[in-house]
Structure formats: C-alpha cells, structure tokens
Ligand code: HEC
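The chain that follows stands alone, in the form predicted alone, written as structure tokens.
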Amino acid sequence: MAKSSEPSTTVWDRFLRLAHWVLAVSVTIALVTGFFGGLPRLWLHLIVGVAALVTLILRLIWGFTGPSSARFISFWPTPRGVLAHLKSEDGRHLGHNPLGALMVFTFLGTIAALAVSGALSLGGVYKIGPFAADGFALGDLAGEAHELLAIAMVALIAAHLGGVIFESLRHRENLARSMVTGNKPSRAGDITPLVRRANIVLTVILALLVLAGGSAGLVGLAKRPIAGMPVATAPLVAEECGACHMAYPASLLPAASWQHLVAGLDDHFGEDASLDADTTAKISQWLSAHAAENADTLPAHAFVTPAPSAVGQITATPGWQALHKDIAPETFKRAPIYTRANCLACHKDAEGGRFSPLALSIPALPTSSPN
C-alpha cells in the first residue's frame, strides 16, 4: 500500500465520489430486490432504479462539464491504450487507467440499458409508467433483456472489484479509500489527466434542462391511451356472479372457458347456480366479448391457456400456477385469505382486473395474542 510519507493529491472531486457511491448502493439494492425481492419489493426496486437513472444523467453531464478526472475526454479509452495497459507498458495513471475507463463506460451504458429495458417492461407487462401504451409483447421482450442485463451487471461488478484489488496491489495504494477521500499518492512519472476546471453554472443549466425536459417527455408518453385494458364488469354480471363470490374480471379466462362455465351453471363447482335462459345468454355473451383474448394485461396473457382437466378454474391454469409458485401452499389457507380463489385478499385492484404489483400485499401471518 501507499507509504504514509508520500505526498497526496486530490484526484476525485466530491460530486464524482458521491455519484460513484450512490450508483454502487442503488444498483446493488436493485439487483438484490430484482433477483430475490419478488413483486412485493417492486416499489423499492423502482425507487433505487430512479435514483440510479437520475445519478447517471448527472454523471454524464459532469463528464462534459466537471473537473479534470471527471471529464470523459481525460480518460477516453482507445484500443492502443487498453493494450498497452494490459502489457504494463504505460505506467501508473493518476486518474482512470484505460482498462478502468473502459469499465466506467461499460457500467454507464449498462445502467442506461437497464433503465430503458426496465421501464419498457414495467409499462408493457404491468401497465405502469410512461410506456404502458406500448404493448405486452414489447414489455415481455424488454423484461427478458432486463434480466440478461442484470446478470451482466453482476459480472461487471465482480470484474470491477477484481480490477480494483489487482491495481491496488500492483501500485501499492488503496483505490477504494481514494474514492472515499478523493486523494491518491502523487508519484514521479504519473500519467495525469488533462487539467480542466468545473463549470458549475453550465452543469446546473444542463441538469435542469435535461431533467425537466425528460420528465415532461415521460409525462407526455404516460398520457397515451392504453389498449387492451380490462373493462368494468357489466352490472348484470356483477349482480349475478357477485351474489355468491367475487365477480371475476372477464379478462382472467378465455372465451371458451367462460362459455363452459356458463353452460354448466346447474353444477357450478358443486352448487346449482342456474339462471333463466335470457340472463345466461347475456352473461355468456358479455364474458366472451371481454375475455382474455381481448385484453393485453399480464393475467390475460398468463391465464389464456386453461388447464385441460379443470376448464374454467382460474387457479388451475398453468399461468396462475407459475405466477404463484413461490408462495407456500399453507399461505392460502390462513386468515384472511382462506382460499386460492380469494384474489382480493392480496390484490387490492383485483376487481378491476389490473393486478398491479404495486397493489399487491400478501397479509402477514397473524400474531397470537397473550391470554
């Protein structure tokens, strides 16, 4: 490590260090909640994702207006520079070395790609945010890309930490500490960044313009009409079906399953729920017209394929089983859920058919009161 008698110099400015650690913390939390948090932690995933995106934007601006070591022009990597560094032919860099610079740009690009793919997935699949009108197919594809990018980010973090350890040992200095203090040992022969002064006024102006313009653009995108959303349950359907149980949105089953259910009302899950012919025909027609084939929500796409042995049973569909596979069977038996068919116990927007993950709350296990 660096000798205590060595002179030091400030290399990393305060904002660069703050941005570095905000990105490190927010990306780490986003990865943990994304891989292990599930839908109940989506709100935290979104918060840290927005924090990372805003920090990324400010860091990009700082890369053009900040001081010496922060400016991209000071450490723009070239193939020749990276190769020379790999061969140890270039000496010690006081700022980013070529390999570290390559890692910086890769990190920034990956974070940007994660933000875009995450927003597209959130909009297309869950109908939340500025891209809610862009369709389930695009959102589903973006979700797959988001997962692959997240795995790539884990690999980048591992490579970055390995590089920090290697360079610290190679040059006998603590690179992690320098990103806290901002100071590094100054030695003869160091390759120093180009001298530049920070332009604070320009930074603030650009940040306000970019953030305000971007926010306005996203709000405009969010106002677009969303096709394929579930429609409100017809009064007749709500009255007749809701008399015995929750009036399930028509988008939760395909038309064939609804027709099968209505045709067998005389033996409706062990009960006689028969209605007059006219009412039966109207209910069947309405449910079929607004069935899963005509909706673009996640439940509609997931439940459109019925279980062959249980046609008309939502909780038996392969899609329902897949979406709930991580929930312990006993959870559905405890109060206030009691049954898998009680969607409203966990999904506060179940009657509207949206099933937003932000409206999902699995009731906690009741605590026993002392006698």
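Just so you know, these numbers come straight off a predicted model, no measurement behind them. All residue numbers refer to positions in the sequence shown, first residue = 1.
There is another form of the same protein, the form predicted in complex with the ligand; it is not shown, and what comes next is about it.
Asker: Could you work out which of 245, 260, 196, 160 is the residue within 4.5 angstroms of the ligand in the predicted bound form, going by heavy atoms?
Answerer: Among 245, 260, 196, 160, a heavy atom within 4.5 Å of the ligand in the predicted bound form occurs only for 245.
Asker: Please pick, from 298, 102, 153, 142, the one residue with any non-hydrogen atom lying within 4.5 angstroms of the ligand in the predicted bound form.
Answerer: Answer to the contact question: 298.
Asker: Please state whether all three residues 31, 49 and 190 have a non-hydrogen atom within 4.5 angstroms of the ligand in the predicted bound form.
Answerer: Not a single listed residue reaches the ligand in the predicted bound form, so no.
Asker: Would you point out which of 66-74, 23-31, 53-61, 322-330 contains residues with a non-hydrogen atom within 4.5 Å of the ligand in the predicted bound form?
Answerer: Partner-contacting stretch among the options: 322-330.
Asker: Would you please decide whether residue 89 lies within 4.5 angstroms of the ligand in the predicted bound form, comparing each non-hydrogen atom pair?
Answerer: Although the ligand is absent here, residue 89 would stay clear of it in the predicted bound form, with no heavy atoms inside 4.5 Å.
Asker: Report yes if any heavy atom of residue 304 sits within 4.5 Å of a heavy atom of the ligand in the predicted bound form; otherwise report no.
Answerer: Residue 304 lies outside the contact set for the ligand.
Asker: Answer with yes or no whether residue 172 is in contact with the ligand in the predicted bound form, where contact means some heavy atom within 4.5 Å.
Answerer: No, residue 172 is distant from the partner.
Asker: At the 4.5 Å heavy atom threshold, is residue 318 in contact with the ligand in the predicted bound form?
Answerer: Outside the cut-off, so no.
Asker: Select from 29-44 the residues with a non-hydrogen atom within 4.5 Å of the ligand in the predicted bound form and write them out in sequence order.
Answerer: In sequence order, 38, 39, 40 come within 4.5 Å of the partner.
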